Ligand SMILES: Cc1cc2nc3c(=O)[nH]c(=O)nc-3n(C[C@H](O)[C@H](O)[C@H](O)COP(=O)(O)OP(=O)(O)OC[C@H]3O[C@@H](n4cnc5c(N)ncnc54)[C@H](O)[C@@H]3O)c2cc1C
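Have a look below at one chain only, the form predicted on its own, in structure tokens format.
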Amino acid sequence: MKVDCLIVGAGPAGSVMAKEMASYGYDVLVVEKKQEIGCPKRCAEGVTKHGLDKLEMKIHPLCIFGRIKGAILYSPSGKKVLMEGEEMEGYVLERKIFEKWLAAEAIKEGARYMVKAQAIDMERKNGNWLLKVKTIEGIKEIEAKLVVGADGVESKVGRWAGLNTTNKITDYHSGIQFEMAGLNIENKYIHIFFGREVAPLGYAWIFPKAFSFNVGLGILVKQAKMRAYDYLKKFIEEHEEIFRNAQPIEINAGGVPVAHFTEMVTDGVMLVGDAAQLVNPIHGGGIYRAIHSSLMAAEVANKALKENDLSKERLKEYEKKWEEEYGEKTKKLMKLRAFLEKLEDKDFELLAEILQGEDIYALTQAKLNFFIKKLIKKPSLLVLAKKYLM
């Protein structure tokens, strides 16, 4: 089998890439190792309305399982900081439906899909890539001009292509999540909990859905005293007023890369979404950036295919586009993350006293200068902030 574009992975990045490339008229094939697209989820499923509008993306209403007005942040002692406003409004999706819808949209444009089809090897051949794919019908060989790695944090495509996709342990968070029913908590906001005893160098979350909640946390394993699962059980036990009658109806776990470092292209290969470590380094969110990366990659891939030039040098235009859009912002957010990782619980209490919701939103957008001024009355934090943020 020969195709113009072979995409490995049918998550949001893979299916958006498939739709775009098929719309340009290319022969597109997506292979997905799981037997069902969208399962299991490894995601809190939140997206902002502002972000979707920026991408000019109108999602099917059946994908939306919760509408949120903003976020409530909790310090270790329970102090609350409310984040509201138009830019904080958003949705909690049902990924099992969302990803199927994205695949259906790609198929409408002409893309082909193979599920329960796992790429097991990849090699260069006559200027193209030859992939071996294990399917229900046996091993198939597929030759492609362009291979797109949309195969998540464990990306094999990147490794097969010679790209270094190994994340440092200090840039890799362990996450676990229960979907639970029966919680007693406001369901118009997402809830974020901080503290070294809650989630070392991470945070715990509660995201409301139509009739359930995503309850999870992420931790930096190197700094943890126990497993992420144990921290989550402890978090639930310590918030009896919220979880008194709650029961889990699903459990998921996985790793979250929180530092983009890998090359994104080589000859005939592009990486998108989590495969290229493209997540927000502060909160670990990846849906928006995954979709945006595929839109950028497809634009460059279309031009490269028309020019019959899929060299690393030609495809680097995608990498440059990403750097122009996110490079400086990501560097600032990495500095902010380094600062936050040095904070003790007492420091989070101080921040809860001086920061308003709009301040915290500004920080997540890498606006750091105002933050230094806010810390003038908190000398201990000011010294630390100048060390890491300036």
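These numbers come from a predicted model, not from an experiment. Note that residue numbering begins at 1 and tracks the sequence as displayed.
One more form of this protein should be noted, the form predicted in complex with this ligand, which is absent from this view; the next part is about it.
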Report summary line: From Glu141, Glu250, Glu89, Glu154: within 4.5 Å of this ligand in the model of the complex by heavy atoms is Glu154
Query raised in the report: Where does this ligand sit in the model of the complex: which of 295-303, 269-277, 74-82, 220-228, heavy atoms within 4.5 Å?
Result: 269-277
**Report entry** All of Ala10, Glu32 and Arg42 within 4.5 Å of this ligand in the model of the complex, heavy atom check
**Finding:** yes
Query raised in the report: Is there a non-hydrogen atom of Val148 within 4.5 angstroms of a non-hydrogen atom of this ligand in the model of the complex?
Result: no
Query raised in the report: Is there any non-hydrogen atom of Gly202 lying within 4.5 Å of this ligand in the model of the complex?
Result: no
**Report entry** Heavy atom of Gly70 within 4.5 Å of this ligand in the model of the complex
**Finding:** no
Report task. Answer yes if any heavy atom of Gly195 is within 4.5 Å of a heavy atom of this ligand in the model of the complex; otherwise answer no. Result -> no
Query - Heavy atom within 4.5 Å of this ligand in the model of the complex - qualifying residues of 360-377 - result: none
